[in-house]
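Quick heads-up: it's one chain on its own, the form predicted on its own, in C-alpha cells.
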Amino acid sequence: MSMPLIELRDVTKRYGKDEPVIQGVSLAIQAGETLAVVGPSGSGKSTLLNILGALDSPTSGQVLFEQEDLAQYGDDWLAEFRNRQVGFVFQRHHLLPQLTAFENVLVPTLVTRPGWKDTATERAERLMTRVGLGGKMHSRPGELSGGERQRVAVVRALINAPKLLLADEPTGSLDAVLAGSLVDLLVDLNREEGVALVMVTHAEALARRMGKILELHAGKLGKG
C-alpha cells in the first residue's frame, strides 16, 4: 500500500486530569480515500477531526502528514499548513454575513502564496458553478437557503486545493433530501479533486456513502 496521506499513531487526548477523550487511536488515511466516523455524542469524534486537522494536538502519540511529524512545527507553520492542506466543513456554515458568497469563498486565499489570487478567483468561479451556485455568487448568506449556504462552505473549504477535507456533521442542519444532496456533492468532489474526505456523521445512510466506516466508542476506534 502507498504511503498514507495522514496517519495517527497511538494518539491519546485528555484535557486536564479528566478521562481521555480519545485513547490509543491509530489510523491511516490514503490520498483520495473517503472515510466516515460514527459514534454516540461525546465519543470523541470532533476531537479526532480537530487532531487530524491540526486544530488540536494529542496529549501523546504522533500525527504524521506525508510522513512529517506535525509536533515538530510551531503555531505559524501549523496555521499555514491548515490553510493550504486542510479544508474544514462544519455543521454551521460560519459564513461572514456582510460578504457575498463569492467573497466568502475567497477568504482563505487572502493569506495564501503570492501569485495565487488570479488562479483562486478562476477556481472559485468554476467551483461555484460546479455546485450549482453560478447565479448566486453575489448573494449574501442571508439571501441563500440552508443548503446553498452549506455548498458555499464546501467551496470555501476546497478553494486552496487541500489534500484533506474534514466534514463535521456537515448535514446536521439540513433535511434528509438536502443532506443526501450535499453528501452526493462531497463524494463527487472527492473524485474530481482527488481530496481525501473524512466525515463525522450520525446518519448511517450517509456514512454508507463513504468507502470505509469506523466507529468511535468511549474514545476508542473500531470498525463501524
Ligand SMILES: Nc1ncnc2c1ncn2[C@@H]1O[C@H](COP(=O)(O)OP(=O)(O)O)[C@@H](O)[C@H]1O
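Residue numbers run from 1 along the displayed sequence. Small disclaimer: the values here were computed from a predicted structure and weren't measured.
The following text describes the form predicted in complex with the named molecule, which does not appear among the structures shown.
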| query | finding |
| --- | --- |
| Position in contact with the named molecule when the complex is considered in the model of the complex, options 32, 42, 180, 172, heavy atoms within 4.5 Å | 42 |
| Residue 46 within 4.5 Å of the named molecule in the model of the complex, heavy atoms | yes |
| Partner contact for residue 21 in the model of the complex: the named molecule, 4.5 angstroms, heavy atom | yes |
| Heavy atom contact within 4.5 Å of the named molecule in the model of the complex, the stretch among 34-42, 190-198, 62-70, 154-162 | 34-42 |
| Partner contacts in the model of the complex for 2-20 (non-hydrogen atom within 4.5 angstroms of the named molecule) | 15 |
